[in-house]
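As structure tokens, one chain now follows by itself in the form predicted alone.
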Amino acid sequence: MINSGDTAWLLVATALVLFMTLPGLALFYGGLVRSRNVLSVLMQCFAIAAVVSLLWMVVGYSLVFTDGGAAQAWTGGLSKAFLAGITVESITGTVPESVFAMFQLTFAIITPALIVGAFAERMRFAAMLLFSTLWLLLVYVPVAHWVWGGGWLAQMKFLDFAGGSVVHINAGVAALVAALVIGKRRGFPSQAMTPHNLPAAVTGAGMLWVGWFGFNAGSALAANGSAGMAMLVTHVAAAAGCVAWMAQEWLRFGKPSVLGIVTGMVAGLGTITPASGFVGPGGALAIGLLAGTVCFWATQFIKRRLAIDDSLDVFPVHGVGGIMGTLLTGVFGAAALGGIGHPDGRTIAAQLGVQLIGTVATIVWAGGMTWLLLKVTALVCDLRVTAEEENEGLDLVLHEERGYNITS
């Protein structure tokens, strides 16, 4: 039967997760690029939200959450293509199926939108649309089914409460591959490419922090103790990520930065995501501190040592954070460490083994398929703008608009 409290909470959580992408992620990413490319980032986030919504209705939801028959371990079926059979009476658990489908749609929206940060300021809009369409159907949908739709990882009792593998590892690994395939921005790394509007980025980051409560606590799919604990540990990890990143930056560079503290927050949130329904406050504190520290050094290594132009640090923050959080779920989810306990009374080592299998599988699938889909996209249209167009800025070249029309 439908529970009105559960339904009301999931409706709110759904709005919060969509709020994370529009306007949260759009403002966060938009503020971090140079002024001549701000509209291109906002446009990409909005377009992905619209296109993914239609793909989810047509086939995405069905392929993730319906019975795939003999292929169930790998994919769902088409019985609910075009959301067939979902009516006002349809129920999933204790909530209307329409609400459940919409909640899951918001996850499908934000995941490819996260990848935008890796190729910001240089990818063609048409190529981005084609790649994002293919990526959603051939990367996000299969992994989501494996983990949440009764696929082979779910059958192994792999733990991912709100998207450590489905969202963050998936998007992070795809971002790294995209940055390598598309190449560096002109002038990277010798030329300074500072954010053009940090207040906008911080505003967007604040929206992400608030919206993440819907992301993690909403994944309980009920207004209960699990949702309450997920909200609490999410906040603790975010705060710990802020402090840890700020401390590392302070020690290394002598001054803490605004960009650093908000990036540490995102690292803490992304890392706690898979564990948020399984760990206690102590585990969240440890995860958040590790997130702010490890993701900080991952960013330094990737940009400074490897000189990979993952423009907005998608892989070192979301990818590394997602990997670490997914593995640490197998540790801090143990009852002895304040968690709810592992399935079937498994030991930490046993559950950690399952988490490792799921992590590696996601990395391999996301990395390999992303490379292939970028190559396919390149056969249809150019992946990136020309050097002259990059210098002029994507706002004018691709959209014939300016983000700022200020006259003195």
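Don't overthink the numbering: it's just position in the shown sequence, from 1. Small disclaimer: the values here were computed from a predicted structure and weren't measured.
In what follows, reference is made to the form predicted in complex with a further copy of the same chain, a form of this protein that is not presented.
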| remark: a further copy of the same chain in the predicted complex has a heavy atom of only one listed residue within 4.5 Å, and of Trp135, Phe332, Phe161, Trp209 that residue is Trp209
| said: Give me the residue from Val177, Ile109, Val147, Met123 that has a heavy atom within 4.5 Å of a further copy of the same chain in the predicted complex. | reply: Ile109
| request: Kindly confirm or deny that Ala47, Ile86 and His399 each have some heavy atom within 4.5 angstroms of a further copy of the same chain in the predicted complex. | output: yes
| query | Is Val51 a contact residue for a further copy of the same chain in the predicted complex, using a 4.5 Å heavy atom cut-off? | reply | yes
| query | Within a 4.5 Å heavy atom cut-off, is Thr66 in contact with a further copy of the same chain in the predicted complex? | reply | no
| said: Quick check on Leu18: any heavy atom within 4.5 Å of a further copy of the same chain in the predicted complex? | reply: yes
| With the partner left out of view, is Lys80 within 4.5 angstroms of a further copy of the same chain in the predicted complex by any non-hydrogen atom? | no
| task | From the candidate stretches 219-227, 161-169, 137-145, 322-330, select the single one in contact with a further copy of the same chain in the predicted complex, where contact means a heavy atom within 4.5 Å. | result | 219-227
| remark: Near a further copy of the same chain in the predicted complex, with a heavy atom at 4.5 Å or closer, the residues from 253-272 are Lys255, Pro256, Ser257, Val258, Leu259, Ile261, Val262, Met265
